[in-house]
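Next up: just one chain, as structure tokens, the form predicted on its own.
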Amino acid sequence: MAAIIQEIIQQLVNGISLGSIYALIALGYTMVYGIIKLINFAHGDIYMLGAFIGFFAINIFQMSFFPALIVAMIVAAFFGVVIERLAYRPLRHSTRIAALITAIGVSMLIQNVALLVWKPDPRSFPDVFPFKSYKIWGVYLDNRQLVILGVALFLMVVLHYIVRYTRMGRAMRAVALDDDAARLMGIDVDRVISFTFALGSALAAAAGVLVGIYYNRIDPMMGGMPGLKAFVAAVLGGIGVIPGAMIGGLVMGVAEVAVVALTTSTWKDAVAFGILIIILLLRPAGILGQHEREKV
């Protein structure tokens, strides 16, 4: 019995490590949707760019992990702002389907440019942390998992502080509630939206670097499936709700690890879309979302 409990706890720890990465990506989806009601399908590719930026920062510029992480977040934030200004801002007042198709187009553009520049062959991420394993109450934790959990938790706390206690965070909440009223109150809505894209892109880049150290493998197409899973996590938690994205990411990670432990790894991607179907049938607003009626 004790061995079974230890195994369950072990899988739970592994799932939380993976889920914290999904949560970081899902936060970008949910913040952008909360502000301008756009599903930014290029977000998964920003996660991929972050992984490559961290890779080159460590390999070429000989940076240690944390400086490389910061550089990846800054550069990805810049790309997020550029994408918002060039691709999404001109369509701000267009139909939602036009913005959605544009988001898919931006995603394909980033993927194909990355394939052209970096080639499709996978690359081994630098081994920035020599592997060490610790046994705590019969559960094994390695130093990479501890770094992932620590960085993800720190970034989520920083995000919570920014959104709840800073002037820009109050502006973000005001724009999410009513952008026209916020503009009348003197809030620079365009600046707030650009900041939201920058913040979400920085979190996605951090997730990309963390995946690099965890799986020791990156490639230009790596953003597709994790991006979709993070989107499912955002829907699961309640799209547009920041705490919901965190909860959804953790649930997705635990569910994926549980499926792999109980069946085979071939089902790990199917579980995400199974969860999406169930949540849309039973609670379309998500765990923390609230159903809103729209007048037509």
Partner chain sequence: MKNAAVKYGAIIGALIALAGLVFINYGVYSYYIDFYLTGVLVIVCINIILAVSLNLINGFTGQFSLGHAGFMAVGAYISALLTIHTGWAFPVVLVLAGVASALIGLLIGLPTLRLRGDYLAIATLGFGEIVRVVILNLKITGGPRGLGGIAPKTTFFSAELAAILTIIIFVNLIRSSHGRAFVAIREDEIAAEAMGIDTTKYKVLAFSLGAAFAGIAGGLFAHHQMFIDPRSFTFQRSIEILVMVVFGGLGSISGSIVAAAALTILPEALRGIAQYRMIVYSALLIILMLVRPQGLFGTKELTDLLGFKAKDTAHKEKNQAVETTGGEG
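Numbering follows the first chain given and starts at 1. Computed from a predicted model, the values in this text were never measured in an experiment.
Another form, the form predicted in complex with the partner chain, is not on view; read the next lines as being about it.
Heavy atoms within 4.5 Å of the partner chain in the predicted complex map, among the stretches 246-254, 22-30, 226-234, 48-56, onto 226-234 alone. The contact residue chosen from 181, 98, 158, 136 relative to the partner chain in the predicted complex is 98, the criterion being a non-hydrogen atom within 4.5 angstroms. Exactly one listed residue, out of 198, 151, 175, 106, brings a non-hydrogen atom to within 4.5 Å of the partner chain in the predicted complex: 106. By the criterion of a heavy atom within 4.5 Å, residue 264 is counted among the residues contacting the partner chain in the predicted complex. Although the partner is absent here, residue 90 lies within 4.5 Å of the partner chain in the predicted complex, judged by heavy atoms. Although the partner is absent here, residue 60 lies well away from the partner chain in the predicted complex, with no heavy atom inside 4.5 Å.
Contact between residue 239 and the partner chain in the predicted complex is found at the 4.5 Å heavy atom cutoff. Residues 33, 37, 39, 41 are the ones in 28-44 with at least one heavy atom within 4.5 Å of the partner chain in the predicted complex, listed in sequence order.
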